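Just one chain is shown here, as structure tokens, and it is the form predicted alone.
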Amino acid sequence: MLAALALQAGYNAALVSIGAALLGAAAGGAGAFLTLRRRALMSDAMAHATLPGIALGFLAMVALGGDGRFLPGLMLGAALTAALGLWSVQMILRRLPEDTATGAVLSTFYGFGIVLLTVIQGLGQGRPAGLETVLLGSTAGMLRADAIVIAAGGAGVLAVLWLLHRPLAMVAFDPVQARLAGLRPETFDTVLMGVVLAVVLVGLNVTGLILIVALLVTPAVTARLWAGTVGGVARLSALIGAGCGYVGAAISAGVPDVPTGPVIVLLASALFVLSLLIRGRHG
């Protein structure tokens, strides 16, 4: 494990550690604005809505003569159904509360995805074995190209957050004042949801679609116990996410048969509990 922490445990382990750190930083930074905007449940709906897209992407690539496991193709399918899930929530919000709309979309899309995965397993085409690892992540079979996609996606998310942190903060705290200042809250809400979707997509191989929500929320709520400004919360949340991602990947590389995603989430949760015990009255 010490060798993995020092990036001396092999090329693939180093790629996974760096990719997980960048993913954690991106998730932490995005989660800071997401929780300030009180939209954490939306990330859960989007994450679960990716499952049918992954299955449909696999089927489409098999129909075109591939093996169905090309990561960009799976991510494209996931992005389309996640966007459809987000649109569905927005439509239902016109008649029902947000938690009800989110729960309905989450369960419907997730159930449809499970049905599709079951159908794929019985087709006998492509390479469906291990496709269900998108639920909890799997770094053991990560290729160099996959790690580059994760790292590039995480870096892109951080760049967008850095450029737009002021308007995102204004919309999160006071949408009415933001509108009076010439900003359109709807536009920046869309940008934030797009950033969260990017985090969900690049996190499929590391934490999976179920645990990525924890990586979006837990570092952010931990940072809010220690920092008193929006910028401070965002930076500390990104740092916590990066640290948990890096150390979690190192532990997974050093201890046989220990999955990376759950270890990262457990580290973030342990840090949150510790922070709550220390700063619970001050945060």
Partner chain sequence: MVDPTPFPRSEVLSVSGLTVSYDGKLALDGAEAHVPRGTLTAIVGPNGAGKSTFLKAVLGLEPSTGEVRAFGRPVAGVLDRIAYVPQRAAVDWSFPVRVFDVVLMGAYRRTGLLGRITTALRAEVAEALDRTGMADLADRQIGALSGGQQQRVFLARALMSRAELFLLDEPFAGVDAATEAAIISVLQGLRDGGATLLSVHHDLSTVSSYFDRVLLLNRRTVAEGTVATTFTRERLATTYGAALLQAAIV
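This is a predicted model, so every value here is computed, not measured. Numbering follows the first chain given and starts at 1.
The protein also exists as the form predicted together with its partner chain; that form is not presented, and the subsequent description refers to it.
The contact with its partner chain in the model of the complex, taken as any heavy atom within 4.5 Å, belongs to Pro167 out of Pro167, Gly156, Gly194, Gly73. Residues with any non-hydrogen atom within 4.5 angstroms of its partner chain in the model of the complex fall in just one of 220 to 228, 241 to 249, 63 to 71, 22 to 30: 220 to 228. Among residues of the shown chain, Leu86 is not one whose heavy atoms approach its partner chain to within 4.5 Å in the model of the complex. Shown alone here, Val149 lies farther than 4.5 Å from its partner chain in the model of the complex, counting heavy atoms only. For Gln177, a non-hydrogen atom is located within 4.5 Å of its partner chain in the model of the complex, even though that partner is not displayed. With a 4.5 Å cutoff on heavy atoms, Leu183 counts as touching its partner chain in the model of the complex. When contacts are defined as a non-hydrogen atom within 4.5 Å, none of Ile54, Ala198 and Val206 contacts its partner chain in the model of the complex. Residues of 41 to 80 include none with a non-hydrogen atom no more than 4.5 angstroms from its partner chain in the model of the complex.
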